[in-house]
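Only one chain is included here, represented as structure tokens and corresponding to the form predicted alone.
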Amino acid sequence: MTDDPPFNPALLPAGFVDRLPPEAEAEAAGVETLMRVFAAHGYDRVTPPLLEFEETLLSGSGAAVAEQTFRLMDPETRRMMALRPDMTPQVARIAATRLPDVPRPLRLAYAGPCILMAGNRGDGERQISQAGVELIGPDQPEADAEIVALAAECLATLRVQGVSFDLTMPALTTALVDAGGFDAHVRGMLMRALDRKDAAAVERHGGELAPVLIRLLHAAGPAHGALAELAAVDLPPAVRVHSARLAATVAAIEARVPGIRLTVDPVEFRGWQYHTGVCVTVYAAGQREELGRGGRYLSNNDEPACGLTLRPDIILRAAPPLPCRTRVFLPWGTLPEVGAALRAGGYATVSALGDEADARAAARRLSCALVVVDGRPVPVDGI
């Protein structure tokens, strides 16, 4: 005998959910909308596997996501395998190993589920959806701008309001702190203080660099004001090159997407483990969660690359509801060509599987707004 309650077959592990109608269809439609925008700009779709050998998935840029990776043993080969927590390293692998001779710039798009060890950045979900693009080959501001412009077009297509793009340059902070010659202990405390935006701690641990670092902390905000403040800070030449690239990228983005809302935080570096240049996080007004993030990194074989990964599930929470197909009930005996014409016109048809005594009642029960009468659709509750 046991006092344990009976097992509930609807119970799922924490962080995993069932997508039910109409949410599942809306998410699929949203993903395909994103993929159509990507394809219209010349990004070819690739589909990497959900599961790979551990040493392959977690090599190169994939090493940065090792702590978020589920592992299991292949019962046939006895080799360790891993479920992807992020698709970007897989696309980098494909570019280097499967498409090395394809002319650059190489434009690739992807979409699919990912599995996390724990809820990512506070949203609590462990199975997430991703859709994104990678631009592999060029290392120039115009490439970074293309990625941001694509994301802006995607969100405009889905009618997301109040979109803003937050730009940062993690390499700037790292180069500046490295130039200060701090020992490992002090450097660690200083980086934690910068990560927390703790100006008092930066003052304690920053030594001669403290005034510069505090000015950089206060430089965050709308792009032009932040860049003006950044330009006024006395930076070593090895660090100034990063701020110059950030400014050039802002100019390239604004040239491509006039009126885009850009902010800059020159000291932000949290979560950019494998990125080497300008990075971007996408937000929408009234939405706590990030809609996407990306940036510049080195692909496999140290090939320059930049990309951006969007979260379709979060985007659809920020977007107006996508229109659903109107459902039409086809009573028993409806001609096949009538149903075919309705489906070609964008309707969803629901066919009777036998003679219904009351076709309108059957249509209501099956959530159909229309019912075919005399070969044409009419409102279920109409005359």
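Keep in mind that what you see is a predicted model, and the values were worked out from it rather than measured. Don't overthink the numbering: it's just position in the shown sequence, from 1.
A second form of this protein, the form predicted in complex with a further copy of the same chain, is not displayed here; the remarks below concern that form.
A.B. asks: Indicate whether a further copy of the same chain has at least one heavy atom within 4.5 Å of a heavy atom of Ala63 in the predicted complex.
C.D. replies: No, Ala63 stays farther than 4.5 Å from a further copy of the same chain in the predicted complex.
A.B. asks: So in the predicted complex, does Pro75 come within 4.5 Å of a further copy of the same chain, heavy atom to heavy atom?
C.D. replies: Pro75: yes, in contact with a further copy of the same chain in the predicted complex.
A.B. asks: Does any part of Ala251 reach within 4.5 Å of a further copy of the same chain in the predicted complex? Heavy atoms only, please.
C.D. replies: Outside the cut-off, so no.
A.B. asks: Arg98: heavy atom within 4.5 Å of a further copy of the same chain in the predicted complex?
C.D. replies: Within the cut-off, so yes.
A.B. asks: So which of Gly259, Pro103, Gly286, Gly181 reaches within 4.5 angstroms of a further copy of the same chain in the predicted complex, heavy atom to heavy atom?
C.D. replies: When a further copy of the same chain is considered in the predicted complex, the option within 4.5 Å is Pro103.
A.B. asks: From the list Ala231, Leu298, Met117, Ala199, which entry has a heavy atom within 4.5 Å of a further copy of the same chain in the predicted complex?
C.D. replies: That would be Met117.
A.B. asks: Based on heavy atom distances of 4.5 Å or less, which listed stretch (87-95, 199-207, 218-226, 259-267) is in contact with a further copy of the same chain in the predicted complex?
C.D. replies: Residues of 87-95 come within 4.5 Å of the partner.
A.B. asks: What residues, if any, in 16-43 have a non-hydrogen atom within 4.5 angstroms of a further copy of the same chain in the predicted complex?
C.D. replies: Counting only heavy atoms within 4.5 Å of a further copy of the same chain in the predicted complex, the contacting residues of 16-43 are Phe16, Val17, Asp18, Arg19, Leu20, Pro21, Ala24, Glu25, Ala28, Glu32, Arg36, Ala39, Ala40, His41, Gly42.
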